[in-house]
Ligand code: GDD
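Quick setup: one chain, the form predicted alone, written in structure tokens, and binding and motion questions come after.
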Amino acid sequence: MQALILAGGKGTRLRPLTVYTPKPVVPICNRPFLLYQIDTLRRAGITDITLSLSYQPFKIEQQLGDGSDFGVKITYTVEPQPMGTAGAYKFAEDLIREPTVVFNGDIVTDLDLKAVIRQHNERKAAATIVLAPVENPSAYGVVETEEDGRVRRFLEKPKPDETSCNNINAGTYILDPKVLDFVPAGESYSFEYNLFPDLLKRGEGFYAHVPSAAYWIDIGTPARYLQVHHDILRGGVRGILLKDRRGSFDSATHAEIDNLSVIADDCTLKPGAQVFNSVLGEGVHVEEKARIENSVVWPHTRVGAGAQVVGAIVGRGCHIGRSASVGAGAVLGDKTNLTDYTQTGGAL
């Protein structure tokens, strides 16, 4: 079994965070995002992984290398132009020899991938799609299934009276190599709108796997990017355990840090500084009586004396002035400079 991670998107919805940092390596609890997907694959015994890239590929390769540091082998393909999800799968054809787990490169999940693979093999399926239940499926594409698990049809953003199903595409698939024959070469082609409907028309063995319980979130917006941090900090994602929340850093005796927060190496917390339910990247400097709460602060940012950062995301190398207030919903791109007493906030 091999794996292909589709990580070619520009991360437009996550801007300004992704202007200089490609979405696949935005930090989540101070680790590149893709490492969580790699962990999921490795737990299922899959170590042969291909990354399909497009946007700023060298920055991704620079951080992940050949995968040996993470117990896997990583191979890279770079699309010459955006080719769609199935088009990217076809473009990697020369590297695919076995049934392949395909991940969309914006999902954090604690899915039991071994169970998905086992069911795929038991059914002798050509393709398996993992589904996730949601409370309001009208904002998504719903996938209806038969009693035996076969996929019946796809409904895009259905109205409440059009379906009783609430299972949506979770962005994880297992595909046998023969499926590659159904994807045209050199074209932009979609799993959701092209390949999967074609599999239904052909009568191929196309099944769904619905986990009994699994965490699933698309990190593609600032609100959800912040949410996944909160979920991990409180221990709400199985398989993601923060063994050591404290790096090697300088903290004044009268600084206050709660048990949930993650503090990276080389940070500095001055007297009266407070950090609650937050993640500080490497080299963050927090001055006297500054408060950081429910927030994510990327490396080498400086938070001035008496400043407040609450419910916000702060990019790399920023400077937040004395007594400035960065309110709930604020997202600051890299190298943002807020002057003293600035008030900012917004809706994520």
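Numbers for residues come from their place in the sequence shown, where the first is 1. All figures in this text were calculated on a predicted structure; none of them were measured in a lab.
Not on display, but discussed next: the form predicted in complex with the named molecule.
**Q** Look up in the predicted bound form whether residue 141 has a non-hydrogen atom within 4.5 angstroms of the named molecule, and give yes or no.
**A** Within the cut-off, so yes.
**Q** Would residue 192 sit within 4.5 Å of the named molecule in the predicted bound form, counting heavy atoms only?
**A** Looking in the predicted bound form, residue contacts with the named molecule include residue 192, since a heavy atom lies within 4.5 Å.
**Q** So in the predicted bound form, does residue 79 come within 4.5 Å of the named molecule, heavy atom to heavy atom?
**A** Residue-level check for residue 79: yes, a contact with the named molecule.
**Q** With the partner left out of view, is residue 254 within 4.5 angstroms of the named molecule in the predicted bound form by any non-hydrogen atom?
**A** Heavy-atom contact with the named molecule at 4.5 Å: absent for residue 254.
**Q** When you measure heavy atoms, are 88, 106 and 168 every one within 4.5 angstroms of the named molecule in the predicted bound form?
**A** Yes, all three are in contact.
**Q** Since the chain is shown here on its own, which stretch among 205-213, 169-177, 271-279, 113-121 would lie within 4.5 Å of the named molecule in the predicted bound form, judged by heavy atoms?
**A** In the other structure, the partner sits against 169-177.
**Q** Name the single residue among 127, 232, 83, 151 that comes within 4.5 Å of the named molecule in the predicted bound form, judging by heavy atoms.
**A** Contact residue from the list: 83.
**Q** Only one of 238, 97, 73, 157 comes within 4.5 Å of the named molecule in the predicted bound form by heavy atoms, so just point that one out.
**A** The option sitting close enough to the partner is 157.
**Q** Taking the named molecule in the predicted bound form, which residues along 37-58 bring a heavy atom to within 4.5 Å of it?
**A** Read in sequence order, the residues that approach the named molecule (within 4.5 Å, in the predicted bound form) are 52, 53.
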